[in-house]
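Shown below, as structure tokens, is a lone chain in the form predicted alone; questions about how it binds or moves come after it.
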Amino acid sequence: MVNTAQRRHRRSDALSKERIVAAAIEILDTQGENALTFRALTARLETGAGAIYWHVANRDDLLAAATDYVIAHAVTAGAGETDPQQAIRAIALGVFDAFNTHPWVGTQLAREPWQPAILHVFEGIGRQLQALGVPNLAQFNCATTLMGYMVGLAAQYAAGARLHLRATDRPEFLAGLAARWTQRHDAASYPFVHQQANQIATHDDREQYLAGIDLILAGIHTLR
């Protein structure tokens, strides 16, 4: 039999915003955005809707809080790096992995690009640019360029992963895509596409993503 103290502890735990956000993330990850309802949350947390509304005003507020939590933890990936460039690369990988693990995050950020969650990325990158010695007048453009690349491309990859099923299907899908492009468009009109067809079919998304970060960092290096 559950005693009074145990019931009180469970009820208090259910009322914490942290647990509500964690439960929302579980639903979003396993069932998708459409499955996230306050009814689903109350069932998962074994509490009443009023307890949830005490901490989050509505569903949009809950989605924003879940996105903020995921992005904040992604940015901490660069916390242990002492070299600013390596820290930026670590933040970039943290964002990439977060979008892969939580594909719904990209959808949320696309709806409201400057919501509070994105400030974690902006601040994390900005501090490292300052440590690199980037001139003050160039820091904003550098930070927004890096942030736009990280968030935009990570969201694109995550969307592709949702559309094209399991990772084991990816090589077959990309090979088919390259074949369609080269078969439907002749080499005389699209020579570059034909030259890069093999790269399209065999490239690694993570490596390509980091290569882009390195290209931007190389450009930033010229400003120092």
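Heads up, when I say rigid core I mean the largest set of C-alphas that superpose within 1.5 Å between the two forms. Note that residue numbering begins at 1 and tracks the sequence as displayed. Please read these numbers as outputs of a predicted model, since none were measured by experiment.
Keep in mind that the form predicted in complex with a further copy of the same chain is not shown, yet the notes after this line are about it.
65-73, 173-181, 38-46, 22-30: which one contacts a further copy of the same chain in the predicted complex at 4.5 Å, heavy atom to heavy atom? Every other range fails; the passing one is 173-181.
Should Ala155 be classed as touching a further copy of the same chain in the predicted complex when contacts are defined as heavy atoms within 4.5 Å? Ala155: yes, in contact with a further copy of the same chain in the predicted complex.
Would you classify Arg89 as touching a further copy of the same chain in the predicted complex, given a 4.5 Å non-hydrogen atom cut-off? Looking in the predicted complex, residue contacts with a further copy of the same chain do not include Arg89, since no heavy atom lies within 4.5 Å.
Answer for Asn58 alone: is it within 4.5 Å of a further copy of the same chain in the predicted complex, judged on heavy atom distances? No - in the predicted complex, heavy atoms of Asn58 and a further copy of the same chain never come within 4.5 Å of each other.
a further copy of the same chain contact in the predicted complex: Gln130, any heavy atom under 4.5 Å: Close contact exists here: in the predicted complex, Gln130 approaches a further copy of the same chain to within 4.5 Å, heavy atoms only.
Decide if the three candidate residues Pro113, Leu119 and Thr222 all line a further copy of the same chain in the predicted complex, where lining means a heavy atom within 4.5 Å. Judged in the predicted complex, Pro113, Leu119 and Thr222 all sit within 4.5 Å of a further copy of the same chain.
Suppose contact means any heavy atom within 4.5 Å; which members of 178-205 contact a further copy of the same chain in the predicted complex? Residues within 4.5 Å: Trp181, His185, Ser189, Tyr190, Pro191, Phe192, Val193, Gln195, Gln196, Gln199, Ile200, His203.
Aligning on the rigid core, do we see the C-alpha of Ala178 shift 2 angstroms or more between the shown form and the other one? No.
Large Cα shift (2 Å or above) at Asn34 between the shown form and the other one, core-fitted: True for Asn34: a C-alpha shift of 2 Å or more.
After fitting the rigid core, is the C-alpha of Ala197 off by 2 Å or more between the shown form and the other one? Shift of 2 Å or more: no.
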